[in-house]
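So this first bit is one chain, no partners, the form predicted on its own, shown in structure tokens.
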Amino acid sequence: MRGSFTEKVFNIVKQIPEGRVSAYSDIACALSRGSARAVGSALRRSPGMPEVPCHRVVLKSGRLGGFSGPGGVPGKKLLLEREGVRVYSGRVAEFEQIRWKPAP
């Protein structure tokens, strides 16, 4: 995969299907370098939706984590719920069932 780390992160996040979520750590693992924190830093530079649906990236625990997009974390929750992802007490319901893992 060519391009900068940030571009590679964006390319993976663009593949997350609507109604599914991935973890920052899943993306870092698929890139075989970097960390979940580096993925989060890259996503802060995202051009936003619909180009890069970074609201679909959560913590490996299923918790929503941060969100620098419009509305902050409550905005992330709203976007996920509009796509059919249920969120309770700041955590994605049935996280493992809807978790999308990119191919390495």
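The first residue of the sequence shown is number 1, and the count goes up from there. Computed from a predicted model, the values in this text were never measured in an experiment.
Missing here is the form predicted in complex with the DNA; even so, the following discussion is about that form.
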4.5 Å heavy atom contact, W100 to the DNA in the model of the complex:
no
Partner proximity in the model of the complex: S25 to the DNA, non-hydrogen atom cutoff 4.5 Å:
yes
Interface membership of A30, the DNA in the model of the complex, 4.5 Å heavy atom rule:
no
Using a 4.5 Å heavy atom cut-off, state whether L79 contacts the DNA in the model of the complex.
no
Taking heavy atoms and a 4.5 Å limit, what residues of 15 to 52 are near the DNA in the model of the complex?
Y24, S25, R33, G34, S35, A36, R37, A38, G40, S41, L43, R44, R45, S46
